[in-house]
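In the block that follows, a single chain appears as structure tokens, in the form predicted on its own.
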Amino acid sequence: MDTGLKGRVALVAASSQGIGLAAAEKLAAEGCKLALCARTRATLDAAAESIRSRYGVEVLAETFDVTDPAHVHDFVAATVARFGSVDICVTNAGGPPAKGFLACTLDDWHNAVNANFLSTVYFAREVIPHMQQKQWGRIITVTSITTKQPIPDLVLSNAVRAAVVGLVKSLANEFGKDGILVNNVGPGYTATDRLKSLAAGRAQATGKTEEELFAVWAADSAVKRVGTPEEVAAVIVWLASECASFVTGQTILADGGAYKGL
């Protein structure tokens, strides 16, 4: 199947590990030029060098915090200066802490909004004008199954990620005429450092072992296992490709059937 992605320029946020890294690798395998960013220089440089050597593609890698709009602006500008455009933008950021409502401070709320909602706004504002010039673009947000099915003690994620879905739908409606498709991917329980961190926190709170918690999460899905970052990345690549040219404004769950609704 020809994805039509060879030579495209893909920007992937939070791409030094987990789902972001897996998405970057799969886009590189399709022949995309990559602009990668993360907060930690050592892990980002290692990821960039690995991708260059394995796939032979050009990679721009810069460290900064996606909650800083000035840094997002500069990064997109550097990407366009290096590659001439931005065709695909995958927005991504680490999830907020697991807490119930009354345990959340106002700082927790501000931080969650900045990291998991406004960072998407910042990237969209910067990349859309470049996509309009080419009359082609893909914006893909990475959120969570919580956009469809709230999870206990993840009130920050439940609330803030739902706002991203509203933004995705709005952007899809406004910019579809410009050839820009905007979609959201909602991973279920996926074997990432984020899930390990959630398991550690819940193990301490409940007295269960991390292995027991992973078993519960696996049993909750139709396929009876947690997912891999590569499986979520495959959905991202499909949405970026020409194969999904009539798909926009959607939330696609990559959750192994964990969502219980219709």
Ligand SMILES: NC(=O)c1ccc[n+]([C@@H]2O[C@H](COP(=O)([O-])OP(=O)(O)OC[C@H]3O[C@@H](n4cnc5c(N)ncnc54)[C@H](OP(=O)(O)O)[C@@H]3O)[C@@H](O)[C@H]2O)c1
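The first residue of the shown sequence is 1; numbering continues from there. Fair warning: this is a prediction, and the values are worked out from it, not measured in the lab.
One more form of this protein exists, namely the form predicted in complex with this ligand; it is left out here, but the text below deals with it.
- Contact check for Leu11: no non-hydrogen atom falls within 4.5 Å of this ligand in the predicted bound form.
- Among heavy atoms of Ala240, none comes within 4.5 Å of this ligand in the predicted bound form.
- Put simply, Ala93 is close to this ligand in the predicted bound form: some heavy atom of it is within 4.5 Å.
- Taking the partner from the other structure, this ligand in the predicted bound form has no heavy atom within 4.5 Å of any heavy atom of Arg225.
- Checking 79-87, 129-137, 180-188, 163-171 against this ligand in the predicted bound form, the stretch whose residues place heavy atoms within 4.5 Å of it is 180-188.
- When you look in the predicted bound form, the only residue of Asp220, Asp65, Glu210, Glu230 with a non-hydrogen atom within 4.5 Å of this ligand is Asp65.
- Residue Asn116 is the only one in 113-127 with at least one heavy atom within 4.5 Å of this ligand in the predicted bound form.
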